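In the block that follows, a single chain appears as structure tokens, in the form predicted alone.
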Amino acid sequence: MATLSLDEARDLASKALEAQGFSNEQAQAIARTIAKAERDGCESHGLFRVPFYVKALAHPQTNAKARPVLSELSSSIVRVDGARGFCPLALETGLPALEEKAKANGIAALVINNSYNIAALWPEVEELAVRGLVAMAFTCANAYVAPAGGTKPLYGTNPMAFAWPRRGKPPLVFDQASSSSARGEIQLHARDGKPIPEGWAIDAEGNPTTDPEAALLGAQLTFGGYKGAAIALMVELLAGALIGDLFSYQSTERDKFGSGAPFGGEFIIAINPATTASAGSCEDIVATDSNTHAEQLFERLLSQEGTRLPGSRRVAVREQTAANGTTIPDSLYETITGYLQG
């Protein structure tokens, strides 16, 4: 295993991507996102993703030097055209405008179109929560997941993320796929030669499998059966039809060159709790301060032995990686350093 500080991980990713043809702006934004994943112990979205970004260049329409363009769709909705680049830079372009509109209007939305997105969603919602906003994010993927009762991929893993601001504490954040596992988790099992848990996937013939290679050739399953499938469908509509972008199966059909990188959109909603909570009722029971009110719920939750708040594990890992750095397999380190040669 190779051990790197978080600064070294970020710089390695940035330099490798730039050597492969990414602009400095694109490479730096992607590397910042990768470093956040390494910081939080999310191996499947950290340096492990660098080869996926490089492979995405296989599609001739990929724009590794894209400059996202910000526009205003209404008084409370902004749009970023990713210009066929990658989502991290599009997010950095649009989030400040989303924050401004949410704080001014009480609620606002950010639409990202024409972008490759193979990153986690929690960094953007957490950033908004740090700034005092409640946030939700949704994105499709390539078609990896079968609908409930079906055997062929139709939906993406279709993650959704949520963040709630907390006074004097890290925000409450969760980021989860509507599938039983993230795609990257199966890829990690395949890399390491480990079986996947039952219920994650079926093979190409529709049979249950614990073989990660067979799962990658077959279809992933949603969590909770029909309930997870309904959420996957909701995400398809929010991050596809609603914002005028591709469904997961359309992203797959577009990828005729095997880049493996989902192409489409992301939809983010930001809400200013200072606006909504001020209109509350039942003042004899409910505190008008949404933060104080939420902490009452968290306190009750944590009073039960064995419980924790979503995202608390990531926060705990941050302290460890800040002190000890992050580790990756030597083989991955050699692959990434190999990219430095151009």
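The first residue of the sequence shown is number 1, and the count goes up from there. Everything numeric in this text was worked out from a predicted model, so none of it was measured.
Not pictured, yet referred to below: the form predicted together with a small molecule.
Undergrad: Only one of V111, A129, A119, I196 has a non-hydrogen atom within 4.5 angstroms of the small molecule in the predicted complex; which is it?
TA: Of V111, A129, A119, I196, the residue with a heavy atom within 4.5 Å of the small molecule in the predicted complex is A119.
Undergrad: Which residue, D81, D175, E99, E236, is the contact with the small molecule in the predicted complex, using a 4.5 Å heavy atom cutoff?
TA: After the contact test, the surviving option is D175.
Undergrad: Evaluate P159 for contact with the small molecule in the predicted complex, applying a 4.5 angstroms cut-off between non-hydrogen atoms, and reply yes or no.
TA: Flag for P159 set to yes.
Undergrad: Indicate whether T139 is a 4.5 Å heavy atom neighbour of the small molecule in the predicted complex.
TA: Answer yes; at least one heavy atom of T139 falls within 4.5 Å of the small molecule in the predicted complex.
Undergrad: Given that the small molecule is not shown alongside this chain, does A182 nevertheless sit within 4.5 Å of it in the predicted complex, heavy atom to heavy atom?
TA: Because a heavy atom of A182 falls inside 4.5 Å of the small molecule in the predicted complex, the answer is yes.
Undergrad: My question is simply whether R314 lines the interface with the small molecule in the predicted complex - judged by any non-hydrogen atom within 4.5 Å.
TA: Close contact exists here: in the predicted complex, R314 approaches the small molecule to within 4.5 Å, heavy atoms only.
Undergrad: Have a look at 119-127, 236-244, 73-81, 91-99 and name the one stretch with heavy atoms inside 4.5 Å of the small molecule in the predicted complex.
TA: Heavy-atom contact with the partner occurs in 119-127.
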